[in-house]
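Below, in structure tokens: the form predicted on its own, a single chain.
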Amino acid sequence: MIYFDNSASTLVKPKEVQQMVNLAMNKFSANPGRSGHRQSLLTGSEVENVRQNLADFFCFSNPERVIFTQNCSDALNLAILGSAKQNGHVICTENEHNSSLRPLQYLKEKGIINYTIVSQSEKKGITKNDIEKNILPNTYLIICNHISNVNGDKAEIEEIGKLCQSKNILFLVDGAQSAGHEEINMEKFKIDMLAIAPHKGFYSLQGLGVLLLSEKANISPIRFGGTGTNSLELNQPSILPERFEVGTLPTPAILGLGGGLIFVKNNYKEIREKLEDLTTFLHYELSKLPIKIYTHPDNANGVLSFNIPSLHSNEVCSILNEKWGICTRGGYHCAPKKHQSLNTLETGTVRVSFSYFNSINEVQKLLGAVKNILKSSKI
């Protein structure tokens, strides 16, 4: 079996992640922050170490403002719903995932906000100019997908972040497809809220997301319940991170993320180069074939989408899976506006997404399978 669906979730987990998950299961299974006994305190200390390491990784000075969520979608919902302003205006991009689009649509239908979806003028991704010309007097939030999960288009988040700072507008970055192999310096890029998916670029477990909040991001909670603090009060506590972390934390996933951080930091250059090499090689070889490629050749970010003429993307993926044992993803990738811009609303796209653990040999097998499908289809 060859696994090329890493944009959905990584399959192979490095030993650092496996070791930390096993440690969590065998040594740190107490409820962190809920009791005063030794085991709870030890587990809580391990969780706080991961929180600090996340802050360090993203050049962020406030570890108490590193919030653990249910997943990246939950982190984006917290950022968008928690920052909503009555009669406000939000800008997002055509590259956004439904995790951003749907909460925005919910707020719009409730009569709370309006929002503008920005199209990219450059083939490689969203630019500062694309954003700037859509700013209104009541714009309070700009949301930007860093790297498209559909075709790897990359936004100019550093330039957009500086624009947001100059206009005193909150800047939310969806780093689900970039965190772990792209530079994201929250201080340098002027990012106010960063959402990440640990089970992707950090090779950790599913069931955990992270939202990093700058001091400027004064948001409200969207979930309420037990936090282990101020238990006699009916109001949600104001102290962070407890204000946003309701219920028992997923300690195995958090400690697994800690292992993933170690793996990524120790192999960052190699991970980046591997993704570039695999994406570039696949793009170059596919470009020789009579197929449609939707990924710009300069965007070697580990994500590539294509279609075979006369075949639906789901049909191609089914053949790859059943006949060749190759796992890819077809369909719409939860990003409807991106497919509208790519003119793929009828077919979706075949998406190939890499991790550090993929190889050139696996890509060559995929190319052989695509050529076989083309031959069978007489294209």
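This is a predicted model, so every value here is computed, not measured. Numbers for residues come from their place in the sequence shown, where the first is 1.
There is another form of this protein, the form predicted together with a further copy of the same chain, and it is not shown here; the text below is about that form.
Picking from 305-313, 157-165, 287-295, 77-85 the stretch near a further copy of the same chain in the model of the complex, with a 4.5 Å limit on heavy atoms, gives 77-85.
Taking a 4.5 Å heavy atom cutoff to a further copy of the same chain in the model of the complex, the contact residue among Ile169, Leu240, Leu249, Val264 is Leu249. Only one of His283, Lys190, Arg102, Arg272 lies close to a further copy of the same chain in the model of the complex, with a heavy atom inside 4.5 Å, and it is Arg102.
The candidate spot formed by Arg51, Glu122 and Trp324 is out of contact with a further copy of the same chain in the model of the complex: none of the three has a heavy atom within 4.5 Å. In the model of the complex, none of the heavy atoms of Gly111 sits within 4.5 Å of a heavy atom of a further copy of the same chain. Using a 4.5 angstroms limit between non-hydrogen atoms, Leu374 is distant from a further copy of the same chain in the model of the complex.
Interface membership of Cys334, defined by any non-hydrogen atom within 4.5 Å of a further copy of the same chain in the model of the complex, is confirmed. When a further copy of the same chain is considered in the model of the complex, Ser341 lies well away from it, no heavy atom lying within 4.5 Å. Residues of 215-244 lying near a further copy of the same chain in the model of the complex, listed in sequence order, are Ile222, Arg223, Phe224, Gly225, Gly226, Thr227, Gly228, Thr229, Asn230, Ser231, Leu232, Glu233, Leu234, Asn235, Gln236, Pro237, the criterion being any heavy atom within 4.5 Å.
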